[in-house]
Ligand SMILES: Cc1cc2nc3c(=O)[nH]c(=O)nc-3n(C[C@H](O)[C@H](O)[C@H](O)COP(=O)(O)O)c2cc1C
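Okay, here we've got a single chain as structure tokens, the form predicted on its own, with questions on binding and movement later.
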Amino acid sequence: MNLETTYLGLKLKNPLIISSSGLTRSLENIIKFEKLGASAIVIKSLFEEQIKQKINSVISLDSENTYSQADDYIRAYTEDHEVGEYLEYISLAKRNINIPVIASINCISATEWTSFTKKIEDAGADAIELNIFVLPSDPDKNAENYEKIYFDIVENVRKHTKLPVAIKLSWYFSGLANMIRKLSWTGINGVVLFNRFYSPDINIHQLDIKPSDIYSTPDEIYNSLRWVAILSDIVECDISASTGIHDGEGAIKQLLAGAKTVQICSTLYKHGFQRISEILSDIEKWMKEKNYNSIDEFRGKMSMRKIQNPAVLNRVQFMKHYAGIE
């Protein structure tokens, strides 16, 4: 079967990308990922705070994002994860694997750190993924205040690099479809739906805050699946599906909804690296059963492009399947 696709202007041998995590921080791992069939690697994210520390910014004086209580932790983290080492790792990865290497930056503001993207380009990265999530928790800020941050980040990054840019987003927008379509007009090359972020839980015995589930589950696919199907035909950039894709069936669903690529992570932690070849094998078997010779023959076949108002369909389906449940 022909599994080739394109993403961010890059030609890929198949739609399966390994997303950013601690797993992609290891050269040994990414070499294995390529051998098992992965088409691209998103390396472990560099945090905006690390870059700011490197260029001697005083984080606690940043009026928009105050981290006074976290300064010590950020400095300690930066010492253990040097920005220079990140650039060296990009170059090292490019010398050792033949598939695209996508850098990742976890960011929350459009400050001076954006100039660092030129160094990422010089190090040899094939693209940049901006993992942006600004928690809309300030009651004195409206939706426009928060949305502007995303557009400012894109604008500033675009000033410093010619690399293809993807934005990894959450669904925390009052007008998600409108927001992503407007972002696609800025000239970005792709969006990743959706990012996974810290979710708090409470330890009732120790009376402190702890993280909830770190890894995704297959049930979480349905949120991204809905929005990939809605957006794949109305945005002017590629869509990569993320979160909840744990097997070949999940990958096929996202491709049918219109995704150009799918990104996996949690399933590798839970089931091992061999999951990569298993997913690709499942896609090929399904394509053979359905008499599809290429990804392009079925991508988007189950998107909502023929539905003028997807909200109406979702409303009807809700009534159909839940109205009778007592």
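Everything numeric in this text was worked out from a predicted model, so none of it was measured. From 1 onward, residues are counted along the sequence shown.
Absent from the display: the form predicted in complex with the ligand. The rest refers to it.
Of the candidates 202, 214, 143, 135, 214 is the one whose heavy atoms come within 4.5 Å of the ligand in the model of the complex; the others do not. Exactly one listed residue, out of 255, 102, 245, 239, brings a non-hydrogen atom to within 4.5 Å of the ligand in the model of the complex: 245. A residue is said to contact a partner when one of its heavy atoms sits within 4.5 Å of a partner heavy atom; residue 47 meets this definition for the ligand in the model of the complex. At the 4.5 Å threshold, heavy atoms of residue 9 stay clear of the ligand in the model of the complex, well away from it. Within this chain, residue 292 is remote from the site of the ligand in the model of the complex, having no heavy atom within 4.5 Å. Of the heavy atoms in residue 195, some are within 4.5 Å of the ligand in the model of the complex. The putative spot formed by 39, 189 and 261 is not touched by the ligand in the model of the complex; no residue has a non-hydrogen atom within 4.5 angstroms of it. Only one listed stretch (284-292, 265-273, 28-36, 297-305) carries heavy atoms within 4.5 Å of the ligand in the model of the complex, and that stretch is 265-273. Contacts between 15-34 and the ligand, taken as any heavy atom within 4.5 Å in the model of the complex, involve 19, 20, 21, 22.
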